[in-house]
Each structure stands twice: as structure tokens, then as C-alpha cells.
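First, one chain by itself in C-alpha cells, the form predicted on its own.
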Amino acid sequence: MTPPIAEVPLRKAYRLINHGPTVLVSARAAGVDNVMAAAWCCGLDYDPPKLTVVIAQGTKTRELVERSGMFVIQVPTVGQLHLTDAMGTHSMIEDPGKLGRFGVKLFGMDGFDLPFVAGCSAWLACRLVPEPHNQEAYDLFIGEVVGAWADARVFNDGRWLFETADPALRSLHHVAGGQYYAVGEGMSAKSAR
């Protein structure tokens, strides 16, 4: 079954990564697609929406981002734990068939020549904002979000619905050495007063 994917207004796109999930970064250049995991991704600005992500030197994904000037940030789910870990521990440079070997399914979105990873809970299509010093010195890439979508079963009306959605749709949070946590119990500061 294909989940209901809904467009997210760009002014609310930051909410898709504001809770600090581990993300999947995908890119395409010259007919080559790749996906990698990244633990360091965060919102940077609202208007236009921007985010930052650390992409290490020597990775195939970085090469593709630098060549194409575009990339996608995806929020993988608990159900994608093993896929996410594999994308973070296997390099396409050393393992050219890693996407097929680990069952990564890609799909497209109208108007974007980018590889989107199926099964995630959110997708942010980004245009690279070139900052050569940051990229070389810190491996820090800035992306302007030009399209955003979410699985409506777990993100709707600008809010995550982790409390009521299937637990397999919760986001992953990498801490170290292959250890992850799922997003936890929701709390409201308004109800705690």
C-alpha cells in the first residue's frame, strides 16, 4: 500500500526535521543515484526555508550533491532502522550495489529530478546554497527547501502525530555505535502549567 503523501507548506517545512531525527540524504547526477544516512541535520531559516546537513568528504553522495546542486533530506522511520544503519555504514564507493543489496526503493516527485526514498515519513527537496568555505572546512552544506512532503498518517496540519500513529512510523535518532532511539512520548508545555 502506498501511504498518503501530502504536500507540506514551505513555511512549515522546518517542522519536518525540527525534532532532530537521523535523516537520509539522497542525490542524483549523470544518472547515478545514492543515499546516505546523516545524524547532523537541522533547520536554519524560515523564509525561504533552509536547512543544514553535514556530508563528509570522500562520499559518493557529496560528489553527487556538488555536481547537481540538489539533494533530498528524508526522515526515515523505525521500520527502516536496518536500511538507515546500512546507508550510514556502507559507502557506494566501496559497495556500488548497496542500494539494491539493502532494498532501497526510490521514487520520483513531479517537477523534481531527484531520487526520493520510499517508506520515509517526510521528504524535503533542497537546492544547494553554495558556501565553499563551510563545505570544505566543516563538511557543512546549506540547502534551500524547494519542496516538502510528509506521510499524512504521521504528519498532518503542520504537526507530528507520533502519539496516535503506528509506532513503526516514529522517527529514528542515532546516538552512537549503531544505537538508535525512537522519538518518545509527546508532552505539551501548555498542559503542564
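Just count from 1 along the sequence shown to find any residue number. Predicted model, so just to flag it, every value in this text is computed and none were measured.
Here the subject shifts to the form predicted in complex with another copy of the chain, a form of this protein not shown in this document.
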Report task. Identify, from the list A152, V146, V32, C42, the residue with a heavy atom within 4.5 Å of another copy of the chain in the predicted complex. Result -> C42
Query raised in the report: Heavy atoms within 4.5 Å of another copy of the chain in the predicted complex: does T2 have any?
Result: no
Query raised in the report: Closest heavy atom of N134 to another copy of the chain in the predicted complex, within 4.5 Å or not?
Result: yes
Query raised in the report: At the 4.5 Å heavy atom threshold, is H82 in contact with another copy of the chain in the predicted complex?
Result: yes
Query raised in the report: Heavy atoms within 4.5 Å of another copy of the chain in the predicted complex: does A182 have any?
Result: yes
Query raised in the report: Though the partner is not shown here, which residues of 156-175 have a heavy atom within 4.5 Å of another copy of the chain in the predicted complex?
Result: R159, W160, L161, F162, E163, R170, L172, H173, H174, V175
